[in-house]
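One chain is shown next in structure tokens, namely the form predicted on its own.
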């Protein structure tokens, strides 16, 4: 089968399309035919070497498809079932393995493309708005990268919970997408100062929470956008890791809170994972949550997908199709 692997870390040119054997599921694992695989910045971080993996390494953690084999002891899934996961072992491939405990059933009314677009980014948006800083009516949230895969979903979930949302984007076309998702106001960070926009949006008070997936380039401005005792949620590094800072900074800026969450700690049990996914799938199936697939690439063109993602040329979800 075809798989996209790296033998050394570096740029997108390090991605290799190779034929490798179809893997056999071990005890507790499920093998499935990949019908859509999500492209995420975590894949870029592994490719660059920011996150470590044994080499050679087949990239990709998020995919949806149809079960083709089950390992010993698997009772929840059978051959022919439709499943998805954000903890796949090598999703950039024709077939892939996943622990049965990390897989979720895909209900009727949700396509494999929708599922692959929701599993990592949708559940991330869900835990950010529902658990990390539980938004409620009247809260004011700043969402960076508002036209990205997480951003568009996070805006919609925040609005469902009654929050007011200021989104940042890089272009006017992306601003229209953020507005379409429900953002109350949009700041073009390439033209305007988003910290000043946050102060204006809140009448000088500051945001209750900032959801920041950008990292290095926005960290200082995000801190300055918060109200006293506000929360900084830094959950990504698309511009590079956040620079070192002294905890005293949080006191100086208003006794702020800061957290660096990850999806793994918000899906600690199969029940929590499947409950979070089921709510997202129900919203998507009913049309209450819009899922934007901004670009689809053949599996062999994974390098082009990475370049587009890193170049901030994408909106919504980027998928690979074997």
Ligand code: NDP
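Only a predicted model underlies this, so the values are computations on that prediction, with no experimental measurement involved. Residue numbers count along the first chain shown, from 1.
Just so it is clear, the following notes concern the form predicted together with the named molecule, a form of the same protein that is not shown.
Trainee: Looking at 262, 259, 255, 269 here, can you tell me which has any non-hydrogen atom within 4.5 angstroms of the named molecule in the predicted complex?
Mentor: Flagged contact: 262.
Trainee: Within 4.5 Å of the named molecule in the predicted complex - does that hold for a heavy atom of every one of 45, 120 and 236?
Mentor: Every residue of the candidate spot has a heavy atom within 4.5 Å of the named molecule in the predicted complex.
Trainee: Going by heavy atoms within 4.5 Å, which of 277-285, 52-60, 293-301, 37-45 lines up against the named molecule in the predicted complex?
Mentor: Answer to the contact question: 37-45.
Trainee: Under a 4.5 Å heavy atom criterion, is residue 150 part of the interface with the named molecule in the predicted complex?
Mentor: Flag for residue 150 set to yes.
Trainee: Contact between residue 201 and the named molecule in the predicted complex at 4.5 Å, heavy atoms?
Mentor: Taking the distances in the predicted complex, the answer for residue 201 is no, it never comes within 4.5 Å of the named molecule.
Trainee: Does any part of residue 145 reach within 4.5 Å of the named molecule in the predicted complex? Heavy atoms only, please.
Mentor: Yes - in the predicted complex, heavy atoms of residue 145 and the named molecule come within 4.5 Å of each other.
Trainee: Given that the partner is absent here, does residue 189 sit within 4.5 Å of the named molecule in the predicted complex, heavy atoms only?
Mentor: Although the named molecule is absent here, residue 189 would touch it in the predicted complex, with heavy atoms inside 4.5 Å.
Trainee: Pick out the residues of 299-316 whose heavy atoms come within 4.5 Å of the named molecule in the predicted complex.
Mentor: Result: 309, 310, 312, 314, 316.
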